[in-house]
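Encoded as structure tokens, the following chain is the form predicted alone, with no partner shown.
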């Protein structure tokens, strides 16, 4: 008869503690340095590949004469000299500066006014008007250009038809066909599109203002204008600077609206730098001149942003 199987005796299990060697200060510093380079290196590499290298390539193209197919010929700064001697360049610079002025005075002011009004609107109506005012910003630029070209149509466009109906037929113009009216007409169309961004940015900044500041101003007897000028505007100053910079950059990058409505005409009265870059590169097949214009445009935008930020840092808070 087989002996019964005996159950193996198990004693209390002992835990074996694994001790890791403590890192020295030098080893810990190396680990932190490696982690820093890992997390910083990836964005830095992306920035170099997609920003720095294209800028270097753009500058190198501005120093050659090339039609896009044949061999390149190094010409140095001759492309820049050609640009500066071209009257179309100075007309475009002047028009872009007018765009910037119209953006600051018109678009930003309209967005700020609407934001101040919406900030005092009841909650049930504020969301509706916010969507309505911001709607033009969401429309495709191609649709906007076609729509405003139809509005300004000289024969049966809604604007001229409305003027005739109101007995103001003498005010009818070929709005996009006359050098005196083409830029103001385009400014109105651009303001209709761009004010929504300024309004939403200012409204967000106003909502973030401490209500105690407004209550204190009311207790001191400040009216609506005094409250706005002495409390709200200083409080939303960072938002104002941000909108000024973005609007200034957009005003120098304007292209679709001009190209799809006037092609820079009549003549070159509505031409802008982005349009000149397109013409030089794809119409005249002069890649070097187009690259020189693009380099100048990039430099102007950088200088605008730099001086705006520097001025904001120098002013007392």
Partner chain sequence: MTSSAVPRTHTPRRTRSWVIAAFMTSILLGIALIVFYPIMLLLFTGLKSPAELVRNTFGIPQSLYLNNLIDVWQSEGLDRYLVNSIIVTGGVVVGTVVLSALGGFGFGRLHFSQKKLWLTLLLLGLVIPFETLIIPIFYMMRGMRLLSTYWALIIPQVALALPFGILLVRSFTVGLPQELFDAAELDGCNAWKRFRYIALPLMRPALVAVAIFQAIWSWNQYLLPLVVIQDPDMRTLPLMLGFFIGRYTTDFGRLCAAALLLFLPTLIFYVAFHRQILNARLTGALNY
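This is a predicted model, so every value here is computed, not measured. Rigid core (definition): largest C-alpha set, two forms, superposition within 1.5 Å. Residue numbers count along the first chain shown, from 1.
Absent from the display: the form predicted together with the partner chain. The rest refers to it.
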The partner chain contact at residue 218 in the predicted bound form, heavy atom, 4.5 Å: yes
Contact test in the predicted bound form: residue 269 vs the partner chain, heavy atoms, 4.5 Å: no
Close approach of residue 106 to the partner chain in the predicted bound form, 4.5 Å, heavy atom: no
Hey, in the predicted bound form, does residue 234 get a heavy atom within 4.5 angstroms of the partner chain? no
Specify the contacting stretch among 75-83, 149-157, 88-96, 179-187, defined as having any heavy atom within 4.5 Å of the partner chain in the predicted bound form. 149-157
Contact with the partner chain in the predicted bound form, heavy atom within 4.5 Å, among 171, 142, 208, 101 goes to 142
Across 281-302, which residues bring a heavy atom to within 4.5 Å of the partner chain in the predicted bound form? 281, 282, 287, 290, 291, 294, 297, 298, 301, 302
Kindly check if the Cα atom of residue 38 is displaced 2 angstroms or more between the shown form and the other one relative to the superposed rigid core. yes
